[in-house]
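This document starts with one chain, in the form predicted on its own, laid out as structure tokens.
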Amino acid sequence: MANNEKVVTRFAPSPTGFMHVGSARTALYAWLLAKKNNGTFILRIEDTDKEREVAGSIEHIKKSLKWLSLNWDEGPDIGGPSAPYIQSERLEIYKKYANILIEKGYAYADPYTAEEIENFKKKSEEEKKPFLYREYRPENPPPWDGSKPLRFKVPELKRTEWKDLVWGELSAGIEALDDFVLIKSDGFPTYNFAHIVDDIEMGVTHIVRGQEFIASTPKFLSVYEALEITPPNFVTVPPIMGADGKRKLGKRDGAKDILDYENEGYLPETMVNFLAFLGFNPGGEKEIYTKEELAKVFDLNKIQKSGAQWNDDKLDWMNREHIKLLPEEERNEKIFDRLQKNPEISKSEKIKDRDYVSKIYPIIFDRISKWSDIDTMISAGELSYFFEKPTLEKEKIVWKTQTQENAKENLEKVLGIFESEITNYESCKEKIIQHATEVGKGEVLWPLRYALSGKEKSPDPLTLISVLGIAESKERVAKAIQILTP
């Protein structure tokens, strides 16, 4: 690529279902490469395989990219100099290039039936050799009228050598070359042909892709050679491996739609940061980056060849770090919305009191790495005591070998403190700590914690009092004393 050549990248998904994290990372790398070089990022929809197309997938793809803020410079909805950007709307363009290849003698109509081709394959199996269509190439094919598949005729059987900007020098023998279908009998081009035509027409300079395309590269290069066009640069990124690091991330490893992460409460900033580091590392100790910072440091020389291992713990840690960067007001609003939308919490009158709920924000924030953790906390009953009085079990009020009478006495002491300091939390807190220090912290704080929350695990009792208020805390302690009274 010439130094003054504008960088143009593209993301060209097929609308065959949800967007996998691997596809999202490919889109991200293509976006980062374009932005690093003040270039153009194109979104192109490759929908020529109508049998596999899933309704709604195009909108889903666009929604996924928009969630990640990977805005395209050219593409569906916004257009551009190479419009249209949906392949099914570009059929005449593919026919134009098909006719160029026919005129050059590098394409021909396939006269064989599906049954005849199947017989060719069986013959190759019997001879224990790979099936190559070019070995059955017809001597006098009929003119192509669109009713038969159009096949590419390999210009020259030779060893193919090319450079990948990540993998370096690569090559393949003549077994990688064959006469493949360019345009099917239904009038739609194959991927092997359509993406080449589109990349030429759209001026794409760099193709960011997965390793599965390396084996097909000799076929692609032979088409470029036949058209006498210089191929773009190839940027082959490593696979994303499952948590065990042994196989490519798939559904059985928990691979999900990228928008599932939005629903689970991950920030888009986190997903961009995390996906970028699955196969790329700018170096140094810094790990938390914004999208704009990533664009500045993105470097093809720092993309690794080996597979990048998915790590949910690392994702959660990174999300928490990004949540910390949010303005406190925005963070609290997210927590409030999550609480308000939860059917268990929304029934409580207390959820309507924003001043009261605001006291819970720090407690929740200290315990979450993503917004859906709030739902998990609610399901586990970890927040219920803030919104409704707990149900208590007599045996659980008592601390270890402590007697019921002793637990009752200590709670009565706390009740007396509440009554004397009903409007002064700091003084109340000081006296409770003093009493607990004198008679034993466990004997005082455990019964108090359980009386306030009804849980064996909860924030410390002084934190609970600060949220519930002394009056509400007094009622709950009185209830526990009543339960312990014979």
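Sequential numbering from 1, following the sequence displayed. Because the structure is predicted, anything quoted here is derived from the model rather than measured.
If you look for the form predicted together with a small molecule, you will not find it shown, but the lines that follow are about it.
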Just give me the single entry in A194, L150, V208, A407 that has a non-hydrogen atom within 4.5 angstroms of the small molecule in the model of the complex.
V208
May I ask you to choose, among F188, F213, F336, F131, the residue with a heavy atom within 4.5 Å of the small molecule in the model of the complex?
F213
K429, D460 and P461 - do all three of these have some heavy atom no more than 4.5 Å from the small molecule in the model of the complex?
no
Is A24 close enough to touch the small molecule in the model of the complex, meaning at least one heavy atom pair within 4.5 Å?
no
So, S473 and the small molecule: in the model of the complex, are they within 4.5 Å at any heavy atom pair?
no
Quick one: does S14 come within 4.5 Å of the small molecule in the model of the complex, counting heavy atoms only?
yes
Hey, in the model of the complex, does E443 get a heavy atom within 4.5 angstroms of the small molecule?
no
